[in-house]
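What follows is a single chain, given as C-alpha coordinates, in the form predicted alone.
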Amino acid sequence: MNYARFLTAVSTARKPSAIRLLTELQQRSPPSLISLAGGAPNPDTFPFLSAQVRLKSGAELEMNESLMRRALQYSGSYGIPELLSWMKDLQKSLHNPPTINLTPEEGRMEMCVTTGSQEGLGKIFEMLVSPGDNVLLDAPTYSGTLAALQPLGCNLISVPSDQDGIKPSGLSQALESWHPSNPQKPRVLYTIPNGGNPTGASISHERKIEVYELARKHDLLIIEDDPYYFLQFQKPWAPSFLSMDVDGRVLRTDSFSKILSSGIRLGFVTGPKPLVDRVVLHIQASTMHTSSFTQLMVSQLLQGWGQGGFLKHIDSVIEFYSSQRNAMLASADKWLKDIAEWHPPKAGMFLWIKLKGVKDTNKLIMEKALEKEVLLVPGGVFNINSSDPCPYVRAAFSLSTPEQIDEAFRRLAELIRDAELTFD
(Lines give C-alpha, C1' and ligand atoms only; values in the text may rest on other atoms or scores of the structure.)
Protein backbone atom coordinates (compact mmCIF):
# COMPACT_ATOMS: atom_id res chain seq x y z
CA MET A 1 0.00 0.00 0.00
CA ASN A 2 1.25 3.45 -0.94
CA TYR A 3 -0.34 5.35 1.94
CA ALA A 4 1.22 8.65 0.95
CA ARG A 5 -1.06 8.87 -2.08
CA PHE A 6 -4.15 8.91 0.14
CA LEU A 7 -3.06 11.74 2.46
CA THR A 8 -4.19 15.34 2.21
CA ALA A 9 -1.65 18.15 2.17
CA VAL A 10 -2.74 19.16 5.68
CA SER A 11 -2.20 15.68 7.08
CA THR A 12 1.12 15.27 5.28
CA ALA A 13 2.32 18.53 6.83
CA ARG A 14 1.66 17.38 10.40
CA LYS A 15 4.78 16.72 12.49
CA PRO A 16 5.09 14.91 15.81
CA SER A 17 4.90 17.04 18.94
CA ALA A 18 8.12 16.68 20.91
CA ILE A 19 6.28 17.42 24.16
CA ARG A 20 3.62 14.79 23.42
CA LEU A 21 6.34 12.23 22.58
CA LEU A 22 7.95 12.90 25.97
CA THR A 23 4.59 12.22 27.63
CA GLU A 24 4.33 8.88 25.82
CA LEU A 25 7.92 8.07 26.83
CA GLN A 26 7.29 8.95 30.46
CA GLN A 27 4.22 6.65 30.55
CA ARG A 28 6.46 3.71 29.65
CA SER A 29 9.31 4.62 32.01
CA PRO A 30 9.98 3.15 35.49
CA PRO A 31 8.95 5.15 38.60
CA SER A 32 12.62 5.83 39.31
CA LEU A 33 12.80 8.18 36.30
CA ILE A 34 13.24 11.82 37.30
CA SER A 35 11.67 14.04 34.66
CA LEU A 36 12.14 17.77 34.47
CA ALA A 37 10.81 17.79 30.94
CA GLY A 38 7.03 18.00 31.19
CA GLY A 39 4.91 21.07 31.72
CA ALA A 40 2.22 19.12 33.53
CA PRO A 41 0.55 20.69 36.58
CA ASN A 42 1.27 19.21 39.99
CA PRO A 43 -1.64 16.95 41.06
CA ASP A 44 -1.06 18.00 44.69
CA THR A 45 -2.86 21.20 43.73
CA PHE A 46 -5.99 19.39 42.48
CA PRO A 47 -9.02 19.32 44.80
CA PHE A 48 -9.99 15.73 43.94
CA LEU A 49 -8.64 12.89 46.08
CA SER A 50 -10.43 9.64 45.23
CA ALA A 51 -13.67 8.29 43.83
CA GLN A 52 -15.90 5.25 43.91
CA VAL A 53 -18.19 4.21 41.08
CA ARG A 54 -20.96 1.75 41.98
CA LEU A 55 -21.99 -0.70 39.28
CA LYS A 56 -25.49 -2.08 38.82
CA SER A 57 -24.15 -5.46 39.89
CA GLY A 58 -23.37 -4.00 43.31
CA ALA A 59 -19.61 -4.07 42.72
CA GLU A 60 -17.58 -0.87 43.03
CA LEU A 61 -14.74 0.58 41.01
CA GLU A 62 -12.21 2.12 43.35
CA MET A 63 -10.28 5.14 42.13
CA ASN A 64 -7.78 5.42 44.98
CA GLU A 65 -5.48 8.37 45.50
CA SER A 66 -2.70 6.93 43.34
CA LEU A 67 -4.99 6.07 40.45
CA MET A 68 -6.77 9.39 40.76
CA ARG A 69 -3.49 11.26 40.29
CA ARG A 70 -3.14 9.51 36.92
CA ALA A 71 -6.79 10.07 36.05
CA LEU A 72 -6.48 13.83 36.58
CA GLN A 73 -3.22 14.23 34.68
CA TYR A 74 -2.21 14.49 31.02
CA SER A 75 -1.74 11.16 29.28
CA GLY A 76 -0.41 9.91 25.96
CA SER A 77 -2.20 10.73 22.73
CA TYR A 78 -2.64 7.09 21.69
CA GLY A 79 -4.50 6.32 24.90
CA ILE A 80 -3.92 4.85 28.36
CA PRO A 81 -1.60 1.84 27.82
CA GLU A 82 -3.65 -0.72 29.76
CA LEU A 83 -6.89 0.29 27.99
CA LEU A 84 -5.20 0.13 24.60
CA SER A 85 -3.72 -3.27 25.39
CA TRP A 86 -7.13 -4.63 26.44
CA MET A 87 -8.80 -3.26 23.33
CA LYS A 88 -6.11 -4.64 21.02
CA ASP A 89 -6.64 -8.09 22.53
CA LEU A 90 -10.40 -7.70 22.01
CA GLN A 91 -9.98 -6.68 18.36
CA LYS A 92 -7.68 -9.63 17.74
CA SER A 93 -10.15 -11.98 19.42
CA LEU A 94 -13.22 -10.67 17.58
CA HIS A 95 -11.74 -9.88 14.15
CA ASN A 96 -8.34 -11.61 13.92
CA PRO A 97 -7.10 -8.99 11.42
CA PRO A 98 -4.61 -10.37 8.89
CA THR A 99 -2.69 -7.11 9.31
CA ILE A 100 -1.45 -8.28 12.73
CA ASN A 101 1.35 -10.08 10.92
CA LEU A 102 2.44 -7.17 8.70
CA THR A 103 5.37 -4.87 9.42
CA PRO A 104 4.57 -1.33 10.64
CA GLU A 105 5.48 0.07 7.21
CA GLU A 106 3.25 -2.45 5.44
CA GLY A 107 0.26 -1.48 7.58
CA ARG A 108 0.37 -3.56 10.75
CA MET A 109 -2.76 -3.15 12.91
CA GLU A 110 -2.57 -0.16 15.25
CA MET A 111 -5.14 1.46 17.53
CA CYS A 112 -5.75 4.76 19.27
CA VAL A 113 -8.39 6.02 21.67
CA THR A 114 -10.61 8.89 20.51
CA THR A 115 -13.18 11.12 22.17
CA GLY A 116 -16.06 9.08 20.81
CA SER A 117 -15.91 7.54 17.36
CA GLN A 118 -17.06 10.89 15.95
CA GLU A 119 -13.67 12.43 16.73
CA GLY A 120 -11.97 9.52 15.01
CA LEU A 121 -14.14 9.93 11.92
CA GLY A 122 -13.55 13.68 11.76
CA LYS A 123 -9.80 13.22 11.90
CA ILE A 124 -9.85 10.38 9.35
CA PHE A 125 -11.80 12.55 6.91
CA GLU A 126 -9.38 15.46 7.39
CA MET A 127 -6.50 13.07 6.76
CA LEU A 128 -7.92 11.57 3.53
CA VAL A 129 -10.28 14.08 1.91
CA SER A 130 -9.19 17.22 0.03
CA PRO A 131 -11.39 19.80 -1.74
CA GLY A 132 -12.63 18.38 -5.03
CA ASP A 133 -12.08 14.76 -4.06
CA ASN A 134 -14.79 12.23 -4.87
CA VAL A 135 -15.88 10.17 -1.86
CA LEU A 136 -18.09 7.10 -2.13
CA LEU A 137 -20.76 6.32 0.47
CA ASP A 138 -24.02 4.42 0.73
CA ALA A 139 -26.49 7.27 1.25
CA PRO A 140 -28.77 7.88 3.03
CA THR A 141 -26.24 7.94 5.83
CA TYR A 142 -25.54 9.32 9.28
CA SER A 143 -26.11 13.07 9.32
CA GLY A 144 -22.98 13.56 11.46
CA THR A 145 -20.91 12.04 8.66
CA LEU A 146 -22.42 14.45 6.15
CA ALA A 147 -21.77 17.36 8.53
CA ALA A 148 -18.10 16.36 8.77
CA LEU A 149 -17.56 15.70 5.05
CA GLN A 150 -19.48 18.46 3.28
CA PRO A 151 -17.42 21.42 4.61
CA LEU A 152 -14.28 19.74 3.22
CA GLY A 153 -15.40 20.67 -0.29
CA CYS A 154 -15.53 17.11 -1.59
CA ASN A 155 -18.04 15.53 -3.95
CA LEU A 156 -20.14 12.86 -2.26
CA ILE A 157 -21.13 10.01 -4.59
CA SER A 158 -23.96 7.78 -3.46
CA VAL A 159 -23.54 4.04 -4.05
CA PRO A 160 -26.79 2.09 -4.58
CA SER A 161 -27.82 0.07 -1.52
CA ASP A 162 -30.78 -1.76 0.00
CA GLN A 163 -31.65 -3.50 3.27
CA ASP A 164 -28.52 -5.66 2.84
CA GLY A 165 -26.26 -2.65 2.46
CA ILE A 166 -24.05 -1.62 -0.43
CA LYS A 167 -24.74 -3.32 -3.75
CA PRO A 168 -21.39 -4.51 -5.13
CA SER A 169 -22.74 -4.16 -8.68
CA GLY A 170 -23.53 -0.51 -8.02
CA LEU A 171 -20.09 0.10 -6.51
CA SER A 172 -18.43 -1.60 -9.46
CA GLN A 173 -20.39 0.52 -11.92
CA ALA A 174 -19.47 3.71 -10.08
CA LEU A 175 -15.77 2.81 -10.11
CA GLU A 176 -15.61 1.52 -13.67
CA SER A 177 -16.79 4.89 -14.95
CA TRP A 178 -13.42 6.38 -13.91
CA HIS A 179 -10.28 5.75 -15.94
CA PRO A 180 -7.49 4.45 -13.67
CA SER A 181 -5.27 7.40 -14.61
CA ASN A 182 -7.93 9.97 -13.66
CA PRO A 183 -6.61 11.83 -10.57
CA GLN A 184 -10.20 12.43 -9.44
CA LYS A 185 -11.02 8.73 -9.26
CA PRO A 186 -12.43 8.02 -5.75
CA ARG A 187 -9.90 6.77 -3.21
CA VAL A 188 -12.21 6.38 -0.21
CA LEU A 189 -15.39 4.39 0.52
CA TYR A 190 -17.33 5.16 3.72
CA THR A 191 -19.93 2.76 5.10
CA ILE A 192 -21.78 1.78 8.29
CA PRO A 193 -21.80 -2.01 7.92
CA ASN A 194 -24.17 -3.00 10.75
CA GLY A 195 -27.52 -1.46 11.67
CA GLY A 196 -26.80 1.59 9.53
CA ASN A 197 -28.02 4.95 10.76
CA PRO A 198 -30.71 5.71 9.56
CA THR A 199 -31.68 2.71 7.44
CA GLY A 200 -30.92 -0.15 9.82
CA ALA A 201 -29.25 -1.94 6.89
CA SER A 202 -26.51 -4.50 7.51
CA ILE A 203 -24.08 -5.59 4.80
CA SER A 204 -24.13 -9.34 4.26
CA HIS A 205 -20.89 -11.31 4.51
CA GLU A 206 -21.06 -12.19 0.81
CA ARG A 207 -21.38 -8.54 -0.17
CA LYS A 208 -18.49 -7.57 2.09
CA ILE A 209 -16.25 -10.03 0.29
CA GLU A 210 -17.23 -8.56 -3.07
CA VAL A 211 -16.84 -4.97 -1.83
CA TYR A 212 -13.40 -5.70 -0.41
CA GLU A 213 -12.26 -7.30 -3.67
CA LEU A 214 -13.46 -4.21 -5.54
CA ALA A 215 -11.49 -2.05 -3.09
CA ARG A 216 -8.39 -4.10 -3.88
CA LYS A 217 -8.98 -3.88 -7.62
CA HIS A 218 -9.46 -0.09 -7.55
CA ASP A 219 -7.06 0.66 -4.65
CA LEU A 220 -9.70 2.10 -2.32
CA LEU A 221 -9.48 2.70 1.40
CA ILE A 222 -12.56 1.50 3.31
CA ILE A 223 -13.74 3.52 6.31
CA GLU A 224 -15.68 0.97 8.37
CA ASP A 225 -17.76 3.04 10.80
CA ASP A 226 -19.24 0.37 13.08
CA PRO A 227 -20.85 1.84 16.24
CA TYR A 228 -23.59 -0.82 16.13
CA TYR A 229 -21.30 -3.83 15.80
CA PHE A 230 -22.20 -4.96 19.32
CA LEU A 231 -25.92 -4.50 18.63
CA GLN A 232 -26.25 -7.32 16.10
CA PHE A 233 -29.34 -9.33 16.97
CA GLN A 234 -28.26 -12.66 15.48
CA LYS A 235 -25.18 -14.77 16.09
CA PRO A 236 -22.68 -15.48 14.77
CA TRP A 237 -21.96 -11.81 14.16
CA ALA A 238 -21.14 -10.83 10.61
CA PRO A 239 -17.39 -10.82 9.84
CA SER A 240 -16.03 -7.29 9.57
CA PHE A 241 -14.08 -5.66 6.77
CA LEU A 242 -11.19 -5.53 9.26
CA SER A 243 -11.29 -9.33 9.52
CA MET A 244 -10.66 -9.71 5.77
CA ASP A 245 -8.14 -6.88 5.39
CA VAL A 246 -5.08 -8.60 3.94
CA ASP A 247 -3.69 -5.37 2.45
CA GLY A 248 -4.07 -2.83 5.27
CA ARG A 249 -6.75 -0.76 3.52
CA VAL A 250 -9.45 -0.69 6.24
CA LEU A 251 -9.80 2.06 8.84
CA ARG A 252 -12.32 0.98 11.46
CA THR A 253 -14.06 3.09 14.11
CA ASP A 254 -15.68 1.55 17.19
CA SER A 255 -17.59 3.18 20.02
CA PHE A 256 -18.54 2.45 23.63
CA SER A 257 -21.43 4.92 23.37
CA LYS A 258 -24.12 2.34 22.64
CA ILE A 259 -22.93 -0.34 25.08
CA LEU A 260 -21.33 1.38 28.12
CA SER A 261 -22.21 5.08 28.03
CA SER A 262 -22.52 7.82 25.43
CA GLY A 263 -21.42 10.49 27.90
CA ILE A 264 -18.01 9.00 28.66
CA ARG A 265 -17.03 9.77 25.03
CA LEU A 266 -14.80 6.79 24.32
CA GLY A 267 -14.18 5.52 20.81
CA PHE A 268 -11.38 3.76 18.96
CA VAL A 269 -9.69 3.85 15.58
CA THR A 270 -8.18 0.59 14.32
CA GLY A 271 -6.25 0.36 11.09
CA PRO A 272 -2.85 0.36 9.39
CA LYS A 273 -0.20 1.94 11.56
CA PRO A 274 0.93 4.60 9.03
CA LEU A 275 -2.63 5.99 8.97
CA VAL A 276 -3.44 5.62 12.68
CA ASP A 277 -0.17 7.42 13.44
CA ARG A 278 -1.42 10.32 11.29
CA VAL A 279 -4.70 10.42 13.23
CA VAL A 280 -2.67 10.61 16.43
CA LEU A 281 -0.62 13.55 15.07
CA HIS A 282 -3.93 15.39 14.64
CA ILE A 283 -4.98 14.44 18.19
CA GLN A 284 -1.67 15.81 19.48
CA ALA A 285 -2.47 19.18 17.90
CA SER A 286 -6.14 19.33 18.94
CA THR A 287 -7.57 17.50 21.95
CA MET A 288 -4.12 16.16 23.01
CA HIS A 289 -5.80 13.00 24.33
CA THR A 290 -9.15 11.59 25.41
CA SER A 291 -10.09 12.11 29.08
CA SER A 292 -7.66 10.21 31.30
CA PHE A 293 -10.37 9.85 33.94
CA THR A 294 -12.91 8.07 31.73
CA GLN A 295 -10.20 5.94 30.14
CA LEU A 296 -8.99 4.70 33.50
CA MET A 297 -12.52 4.21 34.83
CA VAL A 298 -13.48 2.06 31.84
CA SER A 299 -10.14 0.26 31.93
CA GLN A 300 -10.80 -0.69 35.54
CA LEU A 301 -14.22 -2.00 34.54
CA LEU A 302 -12.91 -4.04 31.61
CA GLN A 303 -9.96 -5.46 33.53
CA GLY A 304 -12.38 -6.63 36.20
CA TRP A 305 -14.82 -8.12 33.72
CA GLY A 306 -12.35 -9.73 31.36
CA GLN A 307 -13.45 -10.49 27.79
CA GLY A 308 -15.98 -13.03 29.02
CA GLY A 309 -17.64 -10.55 31.37
CA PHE A 310 -17.64 -7.87 28.70
CA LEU A 311 -19.34 -10.14 26.17
CA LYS A 312 -21.84 -11.24 28.82
CA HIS A 313 -22.74 -7.58 29.30
CA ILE A 314 -23.06 -7.21 25.52
CA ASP A 315 -25.51 -10.12 25.46
CA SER A 316 -27.73 -8.33 27.97
CA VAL A 317 -27.62 -5.15 25.88
CA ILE A 318 -28.54 -7.09 22.75
CA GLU A 319 -31.41 -8.78 24.56
CA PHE A 320 -32.83 -5.39 25.54
CA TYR A 321 -32.58 -3.81 22.09
CA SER A 322 -33.84 -6.94 20.37
CA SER A 323 -36.95 -6.81 22.56
CA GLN A 324 -37.35 -3.12 21.77
CA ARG A 325 -37.03 -3.78 18.06
CA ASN A 326 -39.62 -6.55 18.21
CA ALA A 327 -42.02 -4.26 20.05
CA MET A 328 -41.61 -1.59 17.36
CA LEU A 329 -42.10 -4.09 14.55
CA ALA A 330 -45.28 -5.37 16.21
CA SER A 331 -46.65 -1.84 16.57
CA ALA A 332 -45.69 -0.97 13.00
CA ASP A 333 -47.55 -4.01 11.76
CA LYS A 334 -50.52 -3.07 13.92
CA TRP A 335 -50.85 0.58 12.87
CA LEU A 336 -48.86 1.19 9.67
CA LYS A 337 -49.02 -1.89 7.44
CA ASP A 338 -51.50 -0.32 5.02
CA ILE A 339 -49.84 3.08 4.81
CA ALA A 340 -46.11 2.34 5.11
CA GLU A 341 -43.43 -0.26 4.44
CA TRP A 342 -40.17 -1.24 6.15
CA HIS A 343 -37.54 -3.96 6.54
CA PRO A 344 -36.79 -5.48 9.98
CA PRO A 345 -33.29 -4.32 11.01
CA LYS A 346 -30.71 -6.97 11.91
CA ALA A 347 -28.79 -4.59 14.16
CA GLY A 348 -28.81 -1.10 15.64
CA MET A 349 -31.52 1.15 17.02
CA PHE A 350 -33.57 2.32 14.05
CA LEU A 351 -36.50 1.42 11.84
CA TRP A 352 -36.49 3.09 8.40
CA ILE A 353 -40.09 3.60 7.32
CA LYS A 354 -41.33 4.57 3.87
CA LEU A 355 -44.70 6.32 3.96
CA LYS A 356 -46.88 5.37 1.00
CA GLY A 357 -48.21 8.22 -1.07
CA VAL A 358 -46.03 10.82 0.69
CA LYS A 359 -43.39 12.33 -1.59
CA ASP A 360 -41.60 14.21 1.17
CA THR A 361 -41.92 13.71 4.92
CA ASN A 362 -40.22 16.94 5.96
CA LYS A 363 -43.39 19.06 5.95
CA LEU A 364 -45.42 16.30 7.55
CA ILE A 365 -42.98 15.88 10.45
CA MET A 366 -41.71 19.43 10.94
CA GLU A 367 -45.09 21.17 10.66
CA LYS A 368 -47.75 18.65 11.67
CA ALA A 369 -46.23 15.98 13.91
CA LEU A 370 -45.99 18.15 17.01
CA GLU A 371 -49.71 18.81 16.79
CA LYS A 372 -50.21 15.06 17.22
CA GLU A 373 -47.48 14.95 19.87
CA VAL A 374 -45.33 12.45 17.99
CA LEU A 375 -41.84 13.13 16.65
CA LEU A 376 -39.65 11.20 14.21
CA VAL A 377 -36.78 12.29 11.97
CA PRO A 378 -37.66 13.16 8.36
CA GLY A 379 -35.53 11.07 6.05
CA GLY A 380 -34.24 13.96 3.96
CA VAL A 381 -31.70 15.01 6.62
CA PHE A 382 -29.76 11.82 5.86
CA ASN A 383 -29.48 12.49 2.12
CA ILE A 384 -26.46 14.08 0.48
CA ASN A 385 -28.77 16.85 -0.70
CA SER A 386 -31.13 17.34 2.24
CA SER A 387 -33.59 19.36 0.11
CA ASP A 388 -34.33 16.38 -2.15
CA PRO A 389 -37.85 15.00 -1.53
CA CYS A 390 -37.77 11.91 0.67
CA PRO A 391 -40.71 9.65 1.62
CA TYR A 392 -38.93 8.09 4.61
CA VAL A 393 -38.85 8.71 8.36
CA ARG A 394 -36.48 7.29 10.96
CA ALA A 395 -37.94 5.87 14.15
CA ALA A 396 -35.62 5.02 17.07
CA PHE A 397 -36.59 2.18 19.41
CA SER A 398 -33.80 2.79 21.94
CA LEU A 399 -35.42 5.00 24.59
CA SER A 400 -39.21 4.72 24.49
CA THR A 401 -41.16 1.96 26.22
CA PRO A 402 -43.13 -0.53 24.11
CA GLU A 403 -46.30 1.23 25.23
CA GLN A 404 -44.96 4.61 24.12
CA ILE A 405 -43.85 3.15 20.78
CA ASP A 406 -47.31 1.71 20.21
CA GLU A 407 -49.01 5.02 21.00
CA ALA A 408 -46.52 6.93 18.84
CA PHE A 409 -47.30 4.77 15.82
CA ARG A 410 -51.03 5.12 16.45
CA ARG A 411 -50.59 8.90 16.38
CA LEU A 412 -48.38 8.69 13.28
CA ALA A 413 -51.04 6.66 11.47
CA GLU A 414 -53.66 9.22 12.45
CA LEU A 415 -51.39 12.02 11.26
CA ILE A 416 -50.88 10.41 7.87
CA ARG A 417 -54.56 9.76 7.35
CA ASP A 418 -55.48 13.29 8.48
CA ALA A 419 -53.05 14.68 5.97
CA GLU A 420 -54.85 12.77 3.22
CA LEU A 421 -51.47 12.05 1.67
CA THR A 422 -51.28 15.49 0.06
CA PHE A 423 -47.77 16.49 1.06
CA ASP A 424 -45.34 17.02 -1.79
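A residue's number is simply how far along the shown sequence it sits, counting from 1. Just so it is clear, the model here is predicted, and its values are computed rather than measured.
Quick note: we don't show the form predicted together with a small molecule, though the next part is all about it.
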item	value
Proximity to the small molecule in the predicted complex (heavy atom, within 4.5 Å), stretch among 125-133, 109-117, 310-318, 211-219	109-117
Residue among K88, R187, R207, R265 with a heavy atom within 4.5 Å of the small molecule in the predicted complex	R265
Answer option from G165, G248, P140, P227, heavy atom within 4.5 Å of the small molecule in the predicted complex	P227
Heavy atom distance at most 4.5 Å to the small molecule in the predicted complex, all of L121, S255 and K258	yes
Residue contact check: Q284 to the small molecule in the predicted complex, 4.5 Å heavy atom	no
4.5 Å heavy atom contact, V269 to the small molecule in the predicted complex	no
In the predicted complex, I192 touching the small molecule (heavy atom, 4.5 Å)	yes
Proximity of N197 to the small molecule in the predicted complex, heavy atoms at 4.5 Å	yes
